[in-house]
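The data below hold one chain only, encoded as structure tokens and taken in the form predicted on its own.
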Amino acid sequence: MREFKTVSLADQVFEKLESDIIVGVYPRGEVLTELKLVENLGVSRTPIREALRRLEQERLIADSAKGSVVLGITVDDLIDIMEIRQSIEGLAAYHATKNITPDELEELRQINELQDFYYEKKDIERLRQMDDRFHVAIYEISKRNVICDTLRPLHRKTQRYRRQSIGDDQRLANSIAEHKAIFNAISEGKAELASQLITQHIENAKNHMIERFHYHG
């Protein structure tokens, strides 16, 4: 973390700690102290203090006498996150279909083609990145700021369980097929269908994530 630029250091520390908590680098119940994080990340106390404040607002940590206790993502959190995504992501796909430009359509096409390429290569990390890009692209293409700002952090908070899903070959194949169907509906201008398909896609992902949560924790 010593390569961080001072101008955005607090944001970068926050994003690093948020990601590490979500994926389990810092498990639920672990106590984080400013001193420990200074040593681990190689930055001063000021950006760490700001990052911890934001993490507490996100309910990923809680203050205690010993330091900041990691709360992480519980199964109830995961259910709530995915159900909120189900409710809103259909709107994102609907508006994306209505507002998409030729360049944005080409971007979605390329993401789908890269998914096929990385699936053949069994490159799980690249596939996770393409999954991120597909969903975030739809949020942005919707050109609805509130929808985009609501969905982005929720999508980040499921990354640990999306990685587990992508590690399941059957779910991975189904997810890629679902992405293709969503893309086809968007490219054909079928806004209602795109909304329905992405809502079902999130339902399928939710069910698989919850199953994996109970299995892996």
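This structure is a prediction, so every number in the text was calculated from the model and none was measured. Position 1 is the first residue in the sequence shown; the rest follow in order. Whichever C-alpha set is largest while still superposing within 1.5 Å between the two forms counts as the rigid core.
Only in words, not in the display: the form predicted in complex with another copy of the chain, which the text now covers.
- The stretch from 185-193, 36-44, 53-61, 163-171 that comes within 4.5 Å of another copy of the chain in the predicted complex, counting heavy atoms only, is 53-61.
- Shown without its partner, this chain lists L108, L91, L127, I141 as candidates; in the predicted complex, only L91 has a non-hydrogen atom within 4.5 angstroms of another copy of the chain.
- Using a 4.5 Å cut-off to another copy of the chain in the predicted complex, not one of D103, F134 and H208 places a heavy atom inside that distance.
- Although the partner is absent from this view, S87 contacts another copy of the chain in the predicted complex, with a non-hydrogen atom inside 4.5 angstroms.
- Contact annotation: T158 falls outside 4.5 Å of another copy of the chain in the predicted complex, judged by heavy atom distances.
- Put simply, D76 is close to another copy of the chain in the predicted complex: some heavy atom of it is within 4.5 Å.
- Using a 4.5 angstroms threshold between heavy atoms, R152 counts as touching another copy of the chain in the predicted complex.
- Relative to the superposed core, A65 undergoes a C-alpha shift of no less than 2 Å between the shown form and the other one.
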